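In the form predicted on its own, a lone chain appears below as structure tokens.
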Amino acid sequence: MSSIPMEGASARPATLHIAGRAASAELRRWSKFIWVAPLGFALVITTLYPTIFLIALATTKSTLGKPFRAFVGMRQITGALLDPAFQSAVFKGVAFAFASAIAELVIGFALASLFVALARAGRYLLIVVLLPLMTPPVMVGVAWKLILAPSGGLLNGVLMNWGITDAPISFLATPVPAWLSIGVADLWQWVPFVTILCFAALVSLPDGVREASMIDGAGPWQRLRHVTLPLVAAPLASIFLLKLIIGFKLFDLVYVLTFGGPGFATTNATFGIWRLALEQFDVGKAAAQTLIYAVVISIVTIPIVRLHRFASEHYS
């Protein structure tokens, strides 16, 4: 009779211990959600809500002052897909993004290699090269508009003084020179950014690999081709993808330098969407074009993402 209370007394601490462990496990499980809650909240605010709002605008007749006036379904999206002007603007935007990203990656990598070779002097030169990156984009456009101006512009003055041309050239009034002018301004603005990223990738390489290749008798080109480029392939793919996305969003230089002209020659997708939304106040159609442009960007960047994954798996 006396053993029954003793068994009950020993069972209660065991039960309490099991309950405590269960509560602790439950707390740990919920603590994971608490840790990721700020990230989830930020994603909802910055990604999910704008996407839903954009889809709502694209499927309704909306103006700047009166959004969501009437549901139109897929009419605006199909209309944008069949619009030759929008197709041309998307093509120009994608072509410019790829051309500028390739050119700036090549120039930036060459400058970064030079700065690495110059050792300490290269680090000081890198600070000087970064100055254009600190200039506001609108001021970059204004500066290049003054340089390229046919009347009193620096470039026309140099060309005429050297006898290369007899009359001033209106670089921004003809389609091809206008795109080249935008490209040069973009190079001036973003090459420093690409250079500093390439510089960081190059200085992170182990010295032992380069020294071993030199001992084996590899020349500069062989070291670049077979040692340096494979080792920095993954960072270079990331830099290219980053600059590509920046190129897709080109707006300020087009706005300041050409305002989409001459005619619609330099109207890319972003500038065309801006005109549609804030000049013609057709926000619904602008939202439809924005959705399509986002899908196009996602599709054309897939090969670059896969290239980065391949380089990370095989060369890192």
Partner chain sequence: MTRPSTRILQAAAALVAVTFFLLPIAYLLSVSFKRKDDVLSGSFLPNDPTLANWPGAFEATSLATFIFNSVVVSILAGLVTIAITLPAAYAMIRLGIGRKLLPQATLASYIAPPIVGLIPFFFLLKMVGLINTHAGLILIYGFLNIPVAFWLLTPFLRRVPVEIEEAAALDGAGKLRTLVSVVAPMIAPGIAATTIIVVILSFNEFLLASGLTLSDAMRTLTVGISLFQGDRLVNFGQMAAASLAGILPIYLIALLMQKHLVEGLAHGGVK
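Numbering follows the first chain given and starts at 1. Superpose the two forms; the largest set of C-alphas matching within 1.5 Å is the rigid core. Computed from a predicted structure; not experimentally measured.
What follows is about the form predicted in complex with the partner chain, which we do not show.
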May I ask you to choose, among Leu224, Ala173, Ala95, Ile246, the residue with a heavy atom within 4.5 Å of the partner chain in the model of the complex?
Ile246
Partner-free chain; cross-checking the partner chain in the model of the complex, the single residue of Pro177, Pro230, Pro168, Pro137 with a heavy atom within 4.5 Å is Pro137
Does the partner chain, in the model of the complex, lie within 4.5 angstroms of each residue among Ile77, Ala85 and Ile182, using heavy atoms as the measure?
no
Check whether Ile45 has any heavy atom within 4.5 Å of a heavy atom of the partner chain in the model of the complex, and answer yes or no.
yes
Would Thr266 show up as a contact with the partner chain in the model of the complex if we use heavy atoms at 4.5 Å?
no
Flag Ile297 as yes or no: does it have a non-hydrogen atom within 4.5 angstroms of any non-hydrogen atom of the partner chain in the model of the complex?
yes
Partner proximity in the model of the complex: Ile164 to the partner chain, non-hydrogen atom cutoff 4.5 Å:
no
Give, in sequence order, every residue of 244-260 that has a heavy atom within 4.5 Å of the partner chain in the model of the complex, or say none if there are no such residues.
Ile245, Ile246, Lys249, Phe251, Asp252, Tyr255, Val256
Hey, does Leu64 budge by 2 Å or more at the Cα between this form and the one not shown once the core is superposed?
no
Residue shift check between this form and the one not shown, rigid core fit, Gly263 Cα at least 2 Å:
no
Taking the rigid core as reference, does Ser31 move its C-alpha 2 Å or further between this form and the one not shown?
yes
